[in-house]
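To begin, one chain is listed below as structure tokens, in the form predicted on its own.
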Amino acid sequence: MKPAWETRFPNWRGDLFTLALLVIVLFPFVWIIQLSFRAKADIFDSAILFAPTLENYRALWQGNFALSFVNSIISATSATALAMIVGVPAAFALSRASFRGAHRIGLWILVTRMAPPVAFTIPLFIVFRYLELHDTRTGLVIIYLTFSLAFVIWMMKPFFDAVPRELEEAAAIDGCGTWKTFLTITLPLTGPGLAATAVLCFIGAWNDFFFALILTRTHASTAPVAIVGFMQYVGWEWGRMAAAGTLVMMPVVLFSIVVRKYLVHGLAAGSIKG
């Protein structure tokens, strides 16, 4: 006869494993958050209980980090919005294309993501200097848009492929044009894909460090680049780095929570056929 607690928790082994995995995954994030509330003298103190302080956060907003944080929000949000506006209709057109060699177009679009970013560094730097886009938010948006478009197209195409064409044909019979059919019939059915694609695009632009480091200096510097500024020769400012890291995590976490319902469906789409 099984013990009462095992009868009440029949899957206790799986639950215990899930709990242990959750602790392992969340531990770095919890550690950074609690580190951001420690005073400079308590940074390397191993005591669990400490007197929390907002000194690190106040120091961030009194310096240049505030501008960098705003730059990240503007550039990542603008690039994600433009990539969705341009890429989603392109994915629909590629999904419904019936001419010969249509699949090759999709392949060439994917090729743009195959080269390492460092291969574009010198050409982009020269072009941006010539066009006076160096150290500007517009330049960052263009860069992020360029590398996000291929991802949006390839991410959204399977969702449009899954939408029955009979629905669009029925709408056409009722007098709907191509754009009206796309906006009112097809697009709403791909809501999970839109959410998943938007979140992943935003994360890619938000976490970018390489292009922001090369193509910006002071006016358009982003939050990831600003965090490196706390690593100085005289010492690393651990508290400010932890506070900055916590603030950088927040927009992505909040965005994911808002669209979590569609995000889970979008990421799981295509895992089961039939």
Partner chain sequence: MSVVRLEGVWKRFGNVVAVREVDLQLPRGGLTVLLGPSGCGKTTTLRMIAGLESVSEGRILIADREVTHLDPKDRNIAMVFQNYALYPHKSVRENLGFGLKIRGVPAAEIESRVASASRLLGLSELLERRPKQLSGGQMQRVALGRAIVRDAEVFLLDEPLSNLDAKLRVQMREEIYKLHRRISKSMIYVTHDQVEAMTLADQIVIMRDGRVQQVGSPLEIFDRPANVYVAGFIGSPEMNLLDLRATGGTLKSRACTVQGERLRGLVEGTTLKVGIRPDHVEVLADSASASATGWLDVEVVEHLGTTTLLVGPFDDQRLRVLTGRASVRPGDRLPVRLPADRLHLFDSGTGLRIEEPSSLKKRSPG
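Source: prediction; values computed, not measured. Residue numbers count along the first chain shown, from 1.
Another form exists, predicted together with the partner chain; not displayed. Remarks below refer to it.
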### Task
Would you kindly say which of 170, 131, 73, 162 lies with a heavy atom within 4.5 Å of the partner chain in the predicted complex?
170
### Query
Is there any non-hydrogen atom of residue 189 lying within 4.5 Å of the partner chain in the predicted complex?
yes
### Message
I'd like to know whether residue 184 contacts the partner chain in the predicted complex, with contact meaning heavy atoms within 4.5 angstroms.
### Response
yes
### Message
My question is simply whether residue 176 lines the interface with the partner chain in the predicted complex - judged by any non-hydrogen atom within 4.5 Å.
### Response
yes
